[in-house]
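The chain below stands alone and is given as structure tokens, in the form predicted on its own.
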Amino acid sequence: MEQWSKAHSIHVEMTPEYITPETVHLAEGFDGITNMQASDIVEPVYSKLKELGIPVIAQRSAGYEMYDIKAASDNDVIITNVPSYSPESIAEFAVYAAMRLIRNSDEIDQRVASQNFTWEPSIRSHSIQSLKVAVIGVGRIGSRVAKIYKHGFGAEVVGYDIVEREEFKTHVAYQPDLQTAIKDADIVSIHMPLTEDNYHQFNHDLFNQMKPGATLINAARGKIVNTQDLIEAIDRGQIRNAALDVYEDEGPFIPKNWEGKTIEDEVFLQILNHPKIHYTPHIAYYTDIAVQNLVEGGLNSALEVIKTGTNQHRVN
């Protein structure tokens, strides 16, 4: 941000505070806001921004479900996002997370830490090449995930997306529906944006349609997965394990330091303490190039709205 500020000769101030009704007053005297937060942004934030004459919040992520789009529009506040900042970073992390589970890395690490160097059946794994992978959401990120599995490992890759793109068919075999895509897959990797239609789409019923012993990867949006149903599916053996880079109620926790504090979210605690769930705090994107693209993308969008009244990445 400091580099962008200097290059554009524009004053930029930074704060660790989230935008809330209690903190929105901090924007007084500024022409625009760029923001990155996972928790909901609710009224009277938008009416206060209108009162302050601030026309834009430029969200530094692809997802924007934390905004009340109607309230923003009603108060003439434009919300923008950064739809693509480093799909490679997220794709690579999703595959890495799957490999940790498939290769039993957590158990191996624990054994090595206790100086147990024996070879046991519990740490023997499958090769990725021998597995079938289902990529759910074959867009910027999902297509790269499919490409890594198909051309990097030689795995069989199927996928489902509401839009089938011809250029991706060299590394993914599209299936007619979600259920067909997941039914025989050893790894199911989710890469969809969150919509009203896919909220809790991965639930008890869908888990029962997955191949027993499958691995689930979610580096997309937490609310796509019913977390309690996932935990139950793992506990009864329907799902072997899961890697979650997102959690449906992560807003109060990410990205914050909770050391020494009491977490009262019982479902989140189950995730953190479950031996068959590998959790990471929404960091799949977190690489140098992604951060640079997000910062510059957010600032550029905010500046364009201030100067022209609109932006190609506006979502309302």
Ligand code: NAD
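Sequential numbering from 1, following the sequence displayed. None of these values were measured; they are calculated from a predicted model.
Note that the form predicted together with nicotinamide-adenine-dinucleotide (NAD) isn't included here; everything after this is about it.
- Placing nicotinamide-adenine-dinucleotide (NAD) onto this chain by superimposing the site C-alphas, using its pose in the model of the complex, gives no ligand atom within 2.4 angstroms of backbone or C-beta atoms, which makes the site open.
- Contact with nicotinamide-adenine-dinucleotide (NAD) in the model of the complex, defined as a heavy atom within 4.5 Å, holds for exactly one of Val225, Ala219, Ile187, Ile79, namely Ala219.
- Proximity to nicotinamide-adenine-dinucleotide (NAD) in the model of the complex, defined as a heavy atom within 4.5 Å, singles out one entry of Arg140, Lys132, Arg111, Lys147, which is Arg140.
- None of the heavy atoms of Ile102 is located within 4.5 Å of nicotinamide-adenine-dinucleotide (NAD) in the model of the complex.
- Within this chain, Arg60 is remote from the site of nicotinamide-adenine-dinucleotide (NAD) in the model of the complex, having no heavy atom within 4.5 Å.
- The closest non-hydrogen atom of Gln238 lies beyond 4.5 Å of nicotinamide-adenine-dinucleotide (NAD) in the model of the complex.
- Although the partner is absent from this view, Lys183 stays clear of nicotinamide-adenine-dinucleotide (NAD) in the model of the complex, with no non-hydrogen atom inside 4.5 angstroms.
- Here the chain stands alone, but in the model of the complex its contact with nicotinamide-adenine-dinucleotide (NAD), taken as any heavy atom within 4.5 Å, falls in 276 to 284 among 276 to 284, 46 to 54, 255 to 263, 23 to 31.
- Contacts between 169 to 195 and nicotinamide-adenine-dinucleotide (NAD), taken as any heavy atom within 4.5 Å in the model of the complex, involve His191, Met192, Pro193, Thr195.
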